[in-house]
Structures are given as C-alpha cells and as structure tokens.
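A single chain comes next, written as structure tokens; it is the form predicted on its own.
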C-alpha cells in the first residue's frame, strides 16, 4: 500500500511570487550613481560652475569689458553700508511673506475643491489653470495694460481706485505685485493640493461620517492634517520663488515709485546692466543665495521636512 508524501514546504510556491520576481525594481537596492550622472553633470555645469564664478566676481571690479581687477572686500563693505540694499532685502522678505499668506489658503481651498466630483469641475479647473501656461513676461505685460493709469481699468473706475495710479504709491504697487503673482502661480500650488487631496484614503471620511462629523470638521481634522507634507513643499516653493522675483517687478513697477518696490533681484539687475558694476551685482547675487538658503534651511528644520519618509523608502 502506497502512501502519498506531503510536498516539501520549501518547494511550495507562494501565490504571486513569480509575478513579484518578474517585477522590475522589487527586491533590489536603489539605482546606482550612473542613473543620476546626467543630471549631476547638468547641475554642475549650469549651477555650480556659474555660482563659483559669481563668488570670484564678487571680490573684483569689472564693468563687463577688459579683465576683472581684484578688489578684496570692497564690494561687500559697500554692500553692507548701502541703504537701498538693506531696504531691498526687507522688501523681498515682505513680498515673500505676503505671497505665502495669500496664495496658501486660496490654493488649498481650490485644490480640495478640484479634487472632488462636482459638476463641470473639470472644465472650470482647465480654465483656471490657463495662467499657469503663460510666461511671466506675458502675464506682466497683460496686467500692466489692464492696470494702466491712463488707459486701463483704474482710469474708468476712479470711484474704486482713486486717481487710478496704482503704481504711484508703495502700498498699492506692492499689492499689484502680490496680486499678479497670486493670479499666475496659485494654479501651480492648486495642482499640488489637488493631487494630494485625491490621495487621501476615502475610508477616513467614511469613518468620520459614521461618527457624525460634518464637512467642516472633516476638512480641519482630516484634510488639513493629511496635506501637511504638501503644505510644507508648496511653502518652500513659494519662498524660493518670492525671494527671486524679478520679471514681474521689471515690467510692472521697475522698482518704483523711487525704490519702494526695488527688491534684491531687481537691484542686482540695476547694478549689473544699468550701472555696469558686475562686481557689486555678483555680491548681491551671492547674498541673495545665502539668504534664500538660510530661510529654506530654517523652514526645513522647523517644519520637520528633513524627517519625512516616503512610503516607498528603500525601494
């Protein structure tokens, strides 16, 4: 009489094992440096090398012609004693803070709304994202024409805009800069929040509904906490973009009235291409890089961004 022998445990193939074995990238370490080499070379040639040249030029006197002359710390000493430079740094920080405070709540609300299933949502979202497809120059020229004090909307609605010259007073000129930046770049951050909101598990909302939580409680206790990482990422992008704003200032206000809207990026442009003092302009550029890096690092440390871990970590 023969008895059937049980198959060895090691020979039993678990369900899905063959598919996982064939799946690329499963069970292997991170890609080698060769995958990042092209991007590293590109970054080195077009970011690190120019930055090193800027560092060298910041210690020289050069008008764009001939050979630069070594000037030591002359540019830096003049820079620290320049009241316009100090004012431009504060204006850069002010524009950045205002941009974050205005764009963040609008982007979150629109992003969460766009992630839903409302009627005509796709059409309205597509229309709203149009400014994101336009260049900064085109948007600035458009709003310069619309807000022109002689032929634009303010000249026809003086009951609302006063004398109609929004670019003649610092407060209104700064308001225009913030408004135009918000109009163009809010769709970008809205897109980030839309994707993040769609990634929130629906089971959280279903459980909240069972517990009797309304729409507002769900938003503040589920949606906002789940968007924390996206809020940090979006804010860092806003800060870096706000500190380096140039095109909008150049076309809309040209730093005026006087120097009331001259931020650091525009002041660097004036020194380089109007005063032809490339040594001083390089010092301003390097100072702007240091300030932007310092602000970003502080945000990373305070927000815990450096401790974030992807759910795909190690794949």
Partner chain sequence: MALSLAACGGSAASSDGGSDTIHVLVYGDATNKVEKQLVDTFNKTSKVKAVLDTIPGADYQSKLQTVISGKQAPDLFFNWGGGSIKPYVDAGLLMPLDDFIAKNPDLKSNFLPSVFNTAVVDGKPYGVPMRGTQPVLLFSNKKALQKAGVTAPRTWAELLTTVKTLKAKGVTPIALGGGDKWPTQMWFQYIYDRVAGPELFQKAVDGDKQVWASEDSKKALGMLKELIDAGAFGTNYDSVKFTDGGSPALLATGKAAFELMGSWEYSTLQDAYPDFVKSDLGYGTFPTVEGGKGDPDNLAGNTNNFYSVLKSTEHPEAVAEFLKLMYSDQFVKDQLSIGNLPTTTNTPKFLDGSANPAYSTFQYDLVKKAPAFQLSWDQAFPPAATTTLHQAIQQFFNGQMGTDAFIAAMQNLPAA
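Keep in mind that this is a model prediction, so the values were computed, not measured. Numbering follows the first chain given and starts at 1.
Only in words, not in the display: the form predicted in complex with its partner chain, which the text now covers.
Using a 4.5 Å cutoff between non-hydrogen atoms, residue 120 does not count as a contact of its partner chain in the predicted complex. Looking at residue 206, you'd find every heavy atom of it more than 4.5 angstroms from its partner chain in the predicted complex.
Not displayed here, its partner chain is kept clear of residue 195 by more than 4.5 Å at the level of heavy atoms in the predicted complex. A residue is said to contact a partner when one of its heavy atoms sits within 4.5 Å of a partner heavy atom; residue 65 meets this definition for its partner chain in the predicted complex. The partner is not drawn, yet in the predicted complex one stretch among 140 to 148, 213 to 221, 231 to 239, 70 to 78 has residues with heavy atoms inside 4.5 Å of its partner chain: 140 to 148.
Contacts between stretch 158 to 180 and its partner chain, counted in the predicted complex as any heavy atom lying within 4.5 Å, involve 163, 164, 165, 166, 167, 168, listed in sequence order.
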